[in-house]
Ligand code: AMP
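There is one chain below, alone, in structure tokens, taken in the form predicted alone.
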Amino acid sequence: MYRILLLGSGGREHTLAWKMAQSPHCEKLWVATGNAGTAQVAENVNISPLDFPAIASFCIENKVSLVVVGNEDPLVAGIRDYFQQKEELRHIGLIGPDKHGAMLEGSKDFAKLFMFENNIPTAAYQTFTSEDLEQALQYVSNQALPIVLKADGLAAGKGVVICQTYKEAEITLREMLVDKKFGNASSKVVVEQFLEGIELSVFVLTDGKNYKILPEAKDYKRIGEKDTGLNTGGMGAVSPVPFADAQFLKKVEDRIIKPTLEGLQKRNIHYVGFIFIGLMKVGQEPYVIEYNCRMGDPETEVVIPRIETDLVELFASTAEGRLNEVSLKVNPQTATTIMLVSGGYPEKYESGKEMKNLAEVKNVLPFHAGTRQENDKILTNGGRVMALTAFGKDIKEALEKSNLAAQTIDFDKKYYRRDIGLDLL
């Protein structure tokens, strides 16, 4: 039996909590800090996922045996290293890589270098700092358009700009490098060739030796329909992805997943946890756009519900280095999710709006992202508010249920995309 602490407060964490709470191996589940949804399946605790001493004390006092890290910040800040260094915490299983492994997400420059070192297919690139501004401008002027500029560090999903003109690229480079638009995250900028294709994400769970490939998903990042407007944390997702057939996924495994794991071992990185591989399918070939060191959100809301294997068993075997002993069972049906967001998101938006008609929603799994409970009311408490996940025999059937739920639930200035998944039909 496992006493589990899950770190995070979004839709991803509600989905993981919902799934772990179903396990007969789950004795007790806490979420720090959680939301109104996690409160329905676990006990929320008011500890910041970045307050390592407070997390450590909580784990010791409550005899926690497994820590699952939902979001990237604690991983990049070195929570696994912190646990490893302390005698009284070493025995606790932890899902998530150490600081070195988390650099796959924490530094775009590190990730690109790693891909080139291990012959993993990716776009050509060069990295610049503010000292190299003139060389950066020169380099950009010699590249084909559009061109991609990426802040090196964590920028909450907003650090990537696709520039359509040289003027836009010049302005963006100056904003990032000179004006420090993303703070320390843009003290280095990766300038990358633009790849023309269709995006999808593949997720791997590894214990450092063995691995399981989880269901793939496609998410929708832009705020506007037909993929227009600003990037967000994700407006919806679909799994499985029709254009990712067995032949394509075999290429992903052979050319990307295996060399990634071998590359980590070569660097003596004992990587335990998720590797999220953001891919571009160019023709029939897979290229890596980015790595993340945790599950994606809202992809988690379609991937995890499709997994039929006991999630606590999967996590425990990962933490204990025996992932090869567990078989992965996946529901063959299609899952879709549509994200309800606050009006104005991803820029300025208001919180504290009462959510209505939640009880009337049928045939969907409502995963709370930015919500809080006040007395018996559920209020909005973030930009992305709730992910509405449905199953169907195909994308069309699942989307009908997700869309009906998105229409039914109501709050002031509610917004959602009505075209999620339509490009795949």
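The numbering used is simple: start at 1 and walk along the sequence shown. Not measured: the values here are computed from a predicted model.
Omitted here: the form predicted in complex with this ligand. The next part is about that form.
Engineer: Just to confirm the contact call: exactly one of 265-273, 247-255, 172-180, 186-194 touches this ligand in the predicted bound form at a 4.5 Å heavy atom cutoff, so which is it?
Structural biologist: Of the stretches listed, the one contacting the partner is 186-194.
Engineer: When the contact criterion is heavy atoms within 4.5 Å, does residue 221 count as touching this ligand in the predicted bound form?
Structural biologist: Yes - in the predicted bound form, heavy atoms of residue 221 and this ligand come within 4.5 Å of each other.
Engineer: Please run the contact check for residue 290 against this ligand in the predicted bound form: heavy atoms, 4.5 angstroms, yes or no?
Structural biologist: Output for residue 290 is yes: heavy atoms within 4.5 Å of this ligand.
Engineer: Report yes if any heavy atom of residue 108 sits within 4.5 Å of a heavy atom of this ligand in the predicted bound form; otherwise report no.
Structural biologist: Looking in the predicted bound form, residue contacts with this ligand include residue 108, since a heavy atom lies within 4.5 Å.
Engineer: Is residue 81 a contact residue for this ligand in the predicted bound form, using a 4.5 Å heavy atom cut-off?
Structural biologist: Looking in the predicted bound form, residue contacts with this ligand do not include residue 81, since no heavy atom lies within 4.5 Å.
Engineer: Non-hydrogen atoms within 4.5 angstroms of this ligand in the predicted bound form: do 123, 148 and 162 all have one?
Structural biologist: So, yes: the whole triplet contacts this ligand.
Engineer: Only one of 168, 199, 207, 310 comes within 4.5 Å of this ligand in the predicted bound form by heavy atoms, so just point that one out.
Structural biologist: Selected option: 199.
Engineer: Counting non-hydrogen atoms within 4.5 angstroms of this ligand in the predicted bound form, say which of 92, 137, 280, 76 makes the cut.
Structural biologist: Filtering the options by heavy-atom distance leaves 280.
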